[in-house]
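Just the one chain here, laid out as structure tokens, in the form predicted on its own.
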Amino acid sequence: MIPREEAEQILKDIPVKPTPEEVSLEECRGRVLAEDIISPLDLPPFDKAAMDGYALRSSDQAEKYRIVEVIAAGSHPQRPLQPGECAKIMTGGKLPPGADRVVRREVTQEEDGWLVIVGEDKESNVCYQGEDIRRGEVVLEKGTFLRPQEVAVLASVGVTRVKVYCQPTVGLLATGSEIVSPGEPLREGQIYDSNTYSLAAQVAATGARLKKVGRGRDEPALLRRELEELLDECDLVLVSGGVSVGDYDYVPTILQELGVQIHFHKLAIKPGKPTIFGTRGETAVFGVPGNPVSTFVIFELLIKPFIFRLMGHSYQPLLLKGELAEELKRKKSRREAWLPVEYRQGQVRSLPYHGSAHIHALTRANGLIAFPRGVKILPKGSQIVVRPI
């Protein structure tokens, strides 16, 4: 049984070779950049008005200014401004030569083609050329996960095709003779399969590609066929259930028979102790316990960062600091325990939680906290780190 930190290091040491491909700007959200993006232009590409108003020379101290033109966004100024002149300008409009300030419309009056400033405006109200991005600047680095805001940056510098890493293919196998698909009638002793659907949703959120989903009864020959097929076709295989030491936990033995090198089996984590990880060639496989909270937590802690590595991205989870609103106790402390919590305005509150089968507890939670190994009491007011979910 090894601690989480050792398992994380083992996963970081596994060699991966992300493969680049080119996609359109419209297809790149949720992918990882395979190259640096260097801006071919300044952004903004010219000095422009930050709001509706009047462009003028800040050195002018005239009582009123003659309005010589109207500049809309997207149009080109007709001529430079002379002393005592101004141009009526709309938000986003290009400043005419000579202008270095925009007086906002709310503090002005127009009188027969002349501008009179009737209020105070100390701001320049100008977006200056290159103040956001300079030509030749690296605006997005290789390995960046592309969210909508990064897609906007790509579009703003004129990118139409993007080199990204290929999405790893993921196969799922839920094991257990007691599980059936939602919608089917439940017979005595059976439960609905939730792990397949929770894992599929978690995989989709990373941007990886779900290739194949299987469900296997606790029969060695059937499980062997399912696992062999997934190992042959996928970059990553996720197996839920059948990984512990019970009479029907066949997965570890079958994986070894199929040539999988086991890198760890059993973690000092609660929930998720029986977790197993191995590789066969360039294919990796995780086996997680069948209890749904175990599956969810191990995915968040270990599997998600590994999937991002396969995509060429170094995932760093968001960690929030908070204060424990109540004392927490436990009887045993051999393992690091992860608990669902509610985090609001810096306060961390525990939730009703009955163990690794209590998946409904996660619907009320927005974070996980760790109860460190060797610690049985977390006093009220303790400063604690929350991992959002």
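What you see is a predicted model; the values in this text were computed from it and never measured. Start at 1 with the first residue shown and count on from there.
Below: the form predicted together with adenosine monophosphate (AMP), not depicted.
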property: In the predicted complex, segment of 81 to 89, 307 to 315, 117 to 125, 169 to 177 with a heavy atom within 4.5 Å of adenosine monophosphate (AMP); result: 169 to 177
property: is_contact(E226, adenosine monophosphate (AMP)) in the predicted complex, heavy atom dist at most 4.5 Å; result: no
property: Adenosine monophosphate (AMP) contact at I191 in the predicted complex, heavy atom, 4.5 Å; result: yes
property: Contact test in the predicted complex: N291 vs adenosine monophosphate (AMP), heavy atoms, 4.5 Å; result: yes
property: Close approach of P96 to adenosine monophosphate (AMP) in the predicted complex, 4.5 Å, heavy atom; result: no
property: Residue among D132, E300, D249, D235 with a heavy atom within 4.5 Å of adenosine monophosphate (AMP) in the predicted complex; result: D249
property: Within 4.5 Å of adenosine monophosphate (AMP) in the predicted complex: residues from 79 to 118 (heavy atom criterion); result: none
